[in-house]
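Take a look at this single chain in structure tokens; it is the form predicted alone.
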Amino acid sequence: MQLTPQQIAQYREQGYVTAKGVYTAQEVAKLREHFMAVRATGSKPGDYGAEPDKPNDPLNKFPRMINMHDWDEETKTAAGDARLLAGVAQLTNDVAVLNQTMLYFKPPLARGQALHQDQQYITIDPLVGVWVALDDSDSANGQMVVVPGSNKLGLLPVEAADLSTSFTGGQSRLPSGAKIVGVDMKAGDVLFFDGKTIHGSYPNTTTDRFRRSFICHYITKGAKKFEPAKGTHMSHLHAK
């Protein structure tokens, strides 16, 4: 993958950029079918989002999977895709190193994820999120939304999220005047976003469309761990 100077400039100024048509329809279908088959085999380490006391919650059947590369060879191969690694390398001027993998299924009528910064969870810098769309996504089925330019704000305070609309319990406290922008994507598009870019999604309001996404987080060879300021990490919500 070769990003244009304009794409690299957008990422650095706005905190995100979309690369269109990176994956073919056949590649997307293979990934989608693989992860649906894996999900159908039962629970996996780190599954998250289910609410057993609410039997009608769609996430009970389709909880988020995490760090599948630790136990699934196809995930490991997909996360090492040269196109993704090249994109991260161009955006950071360093060698990309895999930190985390996830698969969000987001079935019809599922909750979204409250707006947050990834470094409010993963305290390593730089950090790049790479979001591979396995379905077309738009406002109806809970597309990704971002706050352009929030990558330059530093880590923001965290607060409790509304669990009726988010499967995670924490969110960023949005700065005054924050503009939230939806990112329409076609299956096969890839969204790159900075670890400090505020992003998330709203519920899937459709009754017949998934919004599946394969997500990797990459750090770099020269990345450093950091100590988040008090009140800026999701773990601080539960601190005594």
Ligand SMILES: O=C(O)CCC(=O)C(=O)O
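From 1 onward, residues are counted along the sequence shown. Nothing here was measured: the structure is a model prediction, and the numbers come from that model.
Keep in mind that the form predicted together with the named molecule is missing from the display, and what follows is about it.
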Exercise: residue 144 in contact with the named molecule in the predicted bound form, heavy atom 4.5 Å: yes
Residue 113 within 4.5 Å of the named molecule in the predicted bound form, heavy atoms: yes
Partner contact for residue 161 in the predicted bound form: the named molecule, 4.5 angstroms, heavy atom: no
The named molecule contact at residue 172 in the predicted bound form, heavy atom, 4.5 Å: no
Among the candidates 31, 183, 215, 187, the residue which, in the predicted bound form, approaches the named molecule to within 4.5 Å (heavy atoms): 215
In the predicted bound form, the one of 81, 125, 72, 118 near the named molecule [non-hydrogen atom within 4.5 angstroms]: 118
Triple contact flag 102, 131 and 193 to the named molecule in the predicted bound form, non-hydrogen atom at 4.5 angstroms: yes
Segment assignment from 193-201, 174-182, 55-63, 42-50: heavy atom within 4.5 Å of the named molecule in the predicted bound form: 193-201
